[in-house]
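Shown below, as structure tokens, is a lone chain in the form predicted alone; questions about how it binds or moves come after it.
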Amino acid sequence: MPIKKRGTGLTAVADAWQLADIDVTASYPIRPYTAVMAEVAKRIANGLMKCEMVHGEGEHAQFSIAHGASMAGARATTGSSGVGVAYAFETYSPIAGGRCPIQALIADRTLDPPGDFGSEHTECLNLRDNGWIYGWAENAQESLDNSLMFFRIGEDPDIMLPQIVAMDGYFVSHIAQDYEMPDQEQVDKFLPPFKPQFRLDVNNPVIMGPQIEPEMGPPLEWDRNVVMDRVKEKIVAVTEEFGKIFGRKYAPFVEEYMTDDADMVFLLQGAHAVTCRSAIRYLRQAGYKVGMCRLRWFRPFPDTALKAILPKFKVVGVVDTNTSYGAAGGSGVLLVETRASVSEVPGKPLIQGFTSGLGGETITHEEFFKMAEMMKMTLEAGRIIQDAVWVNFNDYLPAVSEVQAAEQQVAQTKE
């Protein structure tokens, strides 16, 4: 029987790894990732998990250990945060290019500077062009569920790609929440044992990771591109099957909230969606026809889904909790990807860029109210008034009477 639990996003992923019966996990401490390393170590010591834990001397070694384990045929996991993710950067393309489907947990943390340890998506998004598949979980339950789904997709013989279970550091990784740990029988039905077609074996020698001639490079890169496109079909099928077995149904690519009659929507990913939903309910009371679109996947980017969904709206406010200095549009990575996705779509909406929630800051109700007011001004003007808005730094709000009314509604509700 499934077990009702209270725990963090990190303990939820440890539950998923236990249920998946992983063979090897490679560790090196850096907060907020460290807690999952400690949790797995405790379970191994208590006999709940039978995997081998190998402690690296740094993140580069840590990911290399998982890489080698996967090449030997093991279901392998690892993870990191912030500057630790950056330190291991050399390993990411070889792992993906070698078709080694390890799973990494990344609990987001800001890069230095400012080095304040808060949640921010920048470090994980820096991996976006290395051939890994990944998306952000909103809460502990989705962290567990994503881990199982990502194993299933990444280990598929037609895919064989590494995955990142991404979550907002501290907001998801460390805040206790209620979630359900599924039954082992359910997981065994959903996730078959990992049996790669090729692995390092002294009795059946193969070559992995060889140096190649220049003319061999383009076909290899083309194959990696084809495989990434193929992932989208697997996501749809696996998400549907997951819902049938576990009873929790997710949108394959984009979750919509209060969008049926919306003129404007926030588009974002990760845990700030929790506050966004709450803010939308207050904004609706204040007369704003606003909704939310939450991305469940970042790679592969859900461009096809967005082409179908976003033309329903007049203004899309893309909320970036990352930095990409000098990027087109002056905001972050999500703005660039979203605009590119719908650039050729007839009747496309105005796409406004917002940057907020950096350095571990919560995006508050008041900040969502500000963004909604600016989106409304954009809607009324029929054009982008200001290309990039860093919320609280260069807002364009000559008057905020309606926002103030929404704030008063919040205050009255609290009373």
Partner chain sequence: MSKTYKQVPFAAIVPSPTVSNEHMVTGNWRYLRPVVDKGQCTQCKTCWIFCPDACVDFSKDEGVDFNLKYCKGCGVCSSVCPVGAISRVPELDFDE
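As the structure is a computational prediction, the values presented were derived from the model and not from experiment. Positions refer to the first chain, counted from 1.
Unshown form predicted together with its partner chain; subsequent notes refer to it.
- Though the partner is left out of this view, residue 99 does reach within 4.5 Å of its partner chain in the predicted complex, counting heavy atoms only.
- Although the partner is absent here, residue 213 sits close enough that one of its heavy atoms falls within 4.5 Å of its partner chain in the predicted complex.
- Residue contact with its partner chain in the predicted complex: residue 219 places a heavy atom within 4.5 Å of it.
- Its partner chain is not shown here, and in the predicted complex it never comes within 4.5 Å of any heavy atom of residue 192.
- Remark: all three candidate residues (198, 205 and 223) come within 4.5 Å of its partner chain in the predicted complex, counting heavy atoms only.
- The contact residue chosen from 243, 114, 287, 209 relative to its partner chain in the predicted complex is 209, the criterion being a non-hydrogen atom within 4.5 angstroms.
- Put simply, of 238, 160, 309, 181 only one has a heavy atom within 4.5 Å of its partner chain in the predicted complex, and it is 160.
- Of the candidate stretches 274-282, 91-99, 314-322, 128-136, only 91-99 contains residues with a heavy atom within 4.5 Å of its partner chain in the predicted complex.
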